[in-house]
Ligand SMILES: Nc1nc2c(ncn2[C@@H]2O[C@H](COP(=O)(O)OP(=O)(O)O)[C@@H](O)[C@H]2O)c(=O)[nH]1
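Okay, so here's just one chain, in structure tokens, the form predicted alone.
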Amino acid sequence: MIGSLFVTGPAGTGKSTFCASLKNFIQLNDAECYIVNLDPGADFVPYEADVDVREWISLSEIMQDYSLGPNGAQIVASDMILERTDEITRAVNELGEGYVVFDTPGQIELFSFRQGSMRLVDDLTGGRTMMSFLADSVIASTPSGFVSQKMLFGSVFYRFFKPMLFVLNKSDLVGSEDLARARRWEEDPDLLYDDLRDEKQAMVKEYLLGVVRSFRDSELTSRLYTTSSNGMSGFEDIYSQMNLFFLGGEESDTAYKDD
């Protein structure tokens, strides 16, 4: 593979649709892209998976065999993926040359906060990976919503410590002014704090100012990406970052550039 992108984020942020649209965009630009579905509990995905964990793991069978409900079965299934890592890795390695996009489970804790997931990422890709965190544009259009999703982004980043893109997905659901304001919040934590204080005056205390400023002090502020599968907007930026990181240019600093 050239490189890979793991797509993470809370449930409902459009991860699977994002994966399908990104694959389509990359292929329209004369490159190859494959999708690996890592969600054994997905009833439907809007793409034809090139590798699908559901070929090895059945959520309904786990529920029956272990007398578990859907949530308990999802946890067991997450651990079973680790037991089948070698088989899944072989299937990934048999894919042709190109980019590989990994669609992670809908419930973020089933992937991002399982202890074995960090090893899984490296085993499946040989370490040739970056990650994207998808946030909901509607939720992130308010100061408190932006802060909550940024904190979740930070927790996922520090779990995996891989290059990670902060993406506001489904950006067509909010106005251009909302997106512009979110970009300003990303660039200026002090502005974010001022707007948060205006939103929730009675709740904002000094410790929250420290949390917001920690985004800057801990280098969690970065470029904000906006995408929408409706019209395929924003995917050129995601693809550009993937190319830059894995292929680079003469002046680009990347661990994956040919010697």
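Just so we're clear, the structure is a prediction, and the values are computed from it rather than from any experiment. All residue numbers are counted from 1 along the displayed sequence.
In what follows, reference is made to the form predicted together with this ligand, a form of this protein that is not presented.
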- The listed residue (Arg159, Arg114, Arg181, Lys170) that reaches within 4.5 Å of this ligand in the model of the complex by any heavy atom is Lys170
- Message: Using a 4.5 Å heavy atom cut-off, which of 51 to 59, 228 to 236, 186 to 194, 64 to 72 contacts this ligand in the model of the complex?
- Response: 228 to 236
- Message: Does any part of Ala11 reach within 4.5 Å of this ligand in the model of the complex? Heavy atoms only, please.
- Response: yes
- Task: Using the partner position in the model of the complex, report whether Lys15 sits within 4.5 Å of this ligand, counting heavy atoms only.
- Result: yes
